[in-house]
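Take a look at this one chain, the form predicted on its own, written out in structure tokens.
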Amino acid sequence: MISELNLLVVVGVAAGGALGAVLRFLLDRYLRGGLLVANTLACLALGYLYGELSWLAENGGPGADSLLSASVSTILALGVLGALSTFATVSVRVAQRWMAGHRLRAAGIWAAHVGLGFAAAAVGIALSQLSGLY
């Protein structure tokens, strides 16, 4: 049976997903390299969120064990940032280029997305440790 809080989280994830998808669409449509920007921003934000949640879990900061904290984190991570990032779309585009014989370009695109994603996540974690919010 779904509790009222779980239903709100599901609705929040859906609304956050819609927001993230719209942001990704706008970046892809109006910015050259928009998918790369979307993936990098999502990885940066996820790294920051992970760093903050890890700090809260280790140090018992305010709201560390609250359902609200878990709900907001779920909505942000799964909804907004999950929809903003689009490694599936990039994978299809890379596969299309690979199959068309543009293998070096395909490998470069994939390396850029994955490399910048890892770097952005590391920067996000480092920023969370420097932020001093707690």
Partner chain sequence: MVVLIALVALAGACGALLRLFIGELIPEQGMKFPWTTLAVNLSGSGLLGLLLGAANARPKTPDWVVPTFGTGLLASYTTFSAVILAVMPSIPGEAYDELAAVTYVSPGAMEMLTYLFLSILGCTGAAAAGMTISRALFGQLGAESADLRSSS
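Positions refer to the first chain, counted from 1. For clarity, every value in this text was computed on a predicted model and none was experimentally measured.
Omitted here: the form predicted in complex with its partner chain. The next part is about that form.
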Does residue 131 reach its partner chain in the predicted bound form if we count a contact as any heavy atom within 4.5 Å?
-> no
Non-hydrogen atom contact residue 34 with its partner chain in the predicted bound form at 4.5 angstroms = no
Using the partner position in the predicted bound form, report whether residue 5 sits within 4.5 Å of its partner chain, counting heavy atoms only.
-> yes
Partner proximity in the predicted bound form: residue 57 to its partner chain, non-hydrogen atom cutoff 4.5 Å = no
Heavy atom within 4.5 Å of its partner chain in the predicted bound form: which residues of 9 to 31 qualify?
-> 9, 10, 13, 14, 17, 18, 21, 22, 24, 25, 26, 29, 30
